[in-house]
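A single chain comes next, written as structure tokens; it is the form predicted on its own.
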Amino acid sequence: MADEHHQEGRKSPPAWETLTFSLTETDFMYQSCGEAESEPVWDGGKMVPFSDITVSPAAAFMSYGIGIFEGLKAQRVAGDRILLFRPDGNAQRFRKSAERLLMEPFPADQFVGAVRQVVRSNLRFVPPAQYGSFYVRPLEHAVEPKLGLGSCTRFLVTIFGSPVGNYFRGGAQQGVRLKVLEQGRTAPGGTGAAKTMGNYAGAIYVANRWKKEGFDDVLYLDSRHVKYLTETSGSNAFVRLRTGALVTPPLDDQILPGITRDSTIRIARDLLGIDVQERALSIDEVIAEGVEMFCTGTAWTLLSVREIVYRDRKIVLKAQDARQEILEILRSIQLGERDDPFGWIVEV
């Protein structure tokens, strides 16, 4: 069958048993063009073969980083159904990120419809649940040729997908090691609350050094006081204290409003009756009062932190109770195995 696909010019799905969190090119992707001076701004969009994109070397995003992205997952579940998790939440964050960069926001209903089309057009790349999920990556870029800083008028939304396995493999699944950095992930008043290209580009260099020293990622302190927890390179942080309270940094200009973060808060608070606090949490309080820590994100899901290193001090966090209880409910909802009291699931 693989040879037949090759002869027809079709791509072959990867071996599910060895699936990693990496790109597999699929059959189709979605594109829609936007023009700020047109009415409506966005065309109806279309599915096209997965292929390279041609833009001018002067396209604004190439020089000035005027681009955003999203990430969400489709899951194959019992009965061969395929479910999306909270695509409306990603659609709204996509709009807010665009507004932060003075790009035209993409309509939320068109976003959700396009994501469903991408999954439907690549069904053979959606792995069985035990091996992974289908990760969908929406993008919006300012593509008009431009020299000089300023707002743009021409935009391109592209949405593609790829089958993926776990973001971390091996021992990290039992808990990650984080190096606490006395610096901010983003500048005060910057783009920390938006999912922009630049936020992640700068973090690669920072984390690379510590990954070479055996850490899985870094944990940034806030950029104003350099004492309060913010995020890792790509996930939100939660800490359970001795009191039983579950604390996560409040949303501000340095914290990305994670969809999994919000889901964790609502499950913990509404279904488990946990005292969830969204407030400033100093690294000193974590060291003195923390008993459990985990990080949340679409790629990370809920992943325990087994150890953090702050300056020369190692802090071991052995408990995983809250994370396991919340994750079990979250995954059961995502897999359609229990009632969805929040209306989060959308069937493809």
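Start at 1 with the first residue shown and count on from there. Remember, predicted model here, so these are calculated numbers, not experimental data.
The next section is about a form of this same protein that is not shown, the form predicted in complex with ligand COI.
In plain terms, the part of the chain that comes close to ligand COI in the predicted bound form, with a heavy atom within 4.5 Å, is 291-299 out of 24-32, 44-52, 316-324, 291-299. Interface residue remark: K195 is counted as part of the site for ligand COI in the predicted bound form, having a heavy atom within 4.5 Å. Ligand COI is not drawn, but in the predicted bound form it has no heavy atom within 4.5 Å of P107.
Contact between F85 and ligand COI in the predicted bound form is not found at the 4.5 Å heavy atom cutoff.
At the 4.5 Å threshold, heavy atoms of G234 reach ligand COI in the predicted bound form. Of the candidates F215, Y167, F160, Y131, Y167 is the one whose heavy atoms come within 4.5 Å of ligand COI in the predicted bound form; the others do not.
For the candidate set R177, R137, R154, R95, a heavy atom within 4.5 Å of ligand COI in the predicted bound form is found for exactly one residue, namely R137. Along 196-229, a non-hydrogen atom within 4.5 Å of ligand COI in the predicted bound form is carried only by Y200.
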